[in-house]
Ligand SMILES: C[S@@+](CC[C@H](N)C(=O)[O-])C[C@H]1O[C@@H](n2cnc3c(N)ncnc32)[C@H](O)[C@@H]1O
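Below you'll find only one chain, the form predicted alone, shown as structure tokens.
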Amino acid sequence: MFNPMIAPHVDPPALLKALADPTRLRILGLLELEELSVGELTRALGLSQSRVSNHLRVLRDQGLLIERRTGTSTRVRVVLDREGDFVARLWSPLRDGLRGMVDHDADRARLQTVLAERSGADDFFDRVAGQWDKLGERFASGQARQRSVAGLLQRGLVLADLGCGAGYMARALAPLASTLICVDRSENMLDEARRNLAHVPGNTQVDFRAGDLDALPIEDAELDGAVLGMVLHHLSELDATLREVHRALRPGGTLSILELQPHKESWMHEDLGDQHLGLDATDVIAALRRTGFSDVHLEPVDDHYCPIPQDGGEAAHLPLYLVRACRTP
């Protein structure tokens, strides 16, 4: 049963001071979305438990939290929607402000990972989840899943794989497009992509174009969607490329960015030509907003990049993330 922690006499200056802290706003933003234990909240925020507990104590003193015992743990949620209440009127503009905070986007993405990890049921699928990739996800080519997704999408899309390399991302995009434009500055990479995409299923037209990402060989508003897959960490700076992608997308068009989280595999500078050892998602999100993109959001990726050093060392195991954004209609 919920236990309201409502302070009998809330001091307005103390309440305003409590809500002026950006971290406490992040906490309230997450707890409004989901009831969480302190441990879950700590992981979603990427902060230490002691720091989170201190902020929770301040919010508790202002009567903004509700606790619920579940088994041996305690979960917390917020009380911000009391009709006619001063807190409810105050929270509405603060909630709108959260949408512009880069940290809140990252918090929401981590929250999805935390919720995916939450498990208590002891049924069949919970027991076999760790082996499901071997038991229930073995397909001859993987095209069944791609085609199922394609059936839900608008037909006739013009899509682009920007910095396509040998065509790894393009193979997944091809069934979704009527026209697929593959762009790379390296002619040798484009030759590899041509070989790998020689037998694209369906009626997709594949167009290979040589060019730099900061001067795309693509007309204004030519694209319905574009992918930058494992590309941005090869660039010295992001804005010029993102401005070009924004120009090439039609209003309402979507950009999807797959990137590496920051890591310490310095050998990738020389072996793979990486300019950066991964990129912080907050920097990518800030660059997207700076270059005119809207509806920017971060998503966790249940996958890792596993490159092998040329000297024969052990493969790395590097986490990934996905950022989606739109050109404003």
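Don't overthink the numbering: it's just position in the shown sequence, from 1. Predicted model only: the values in this text are computed from it and were never measured.
Below: the form predicted in complex with the named molecule, not depicted.
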Using a 4.5 Å heavy atom cut-off, indicate which stretch of 249-257, 89-97, 229-237, 172-180 touches the named molecule in the predicted bound form. 229-237
Whether G225 contacts the named molecule in the predicted bound form should be assessed with a 4.5 Å heavy atom distance threshold; does it? no
Is A221 close enough to touch the named molecule in the predicted bound form, meaning at least one heavy atom pair within 4.5 Å? no
Give a yes or no for V200: in the predicted bound form, does one of its heavy atoms lie within 4.5 Å of a heavy atom belonging to the named molecule? no
Check whether M189 has any heavy atom within 4.5 Å of a heavy atom of the named molecule in the predicted bound form, and answer yes or no. yes
The one residue among R185, H104, R243, R194 placing a heavy atom within 4.5 Å of the named molecule in the predicted bound form is R185
Relative to the named molecule in the predicted bound form, which residues of 203-225 have a heavy atom no more than 4.5 Å away? G211, D212, L213
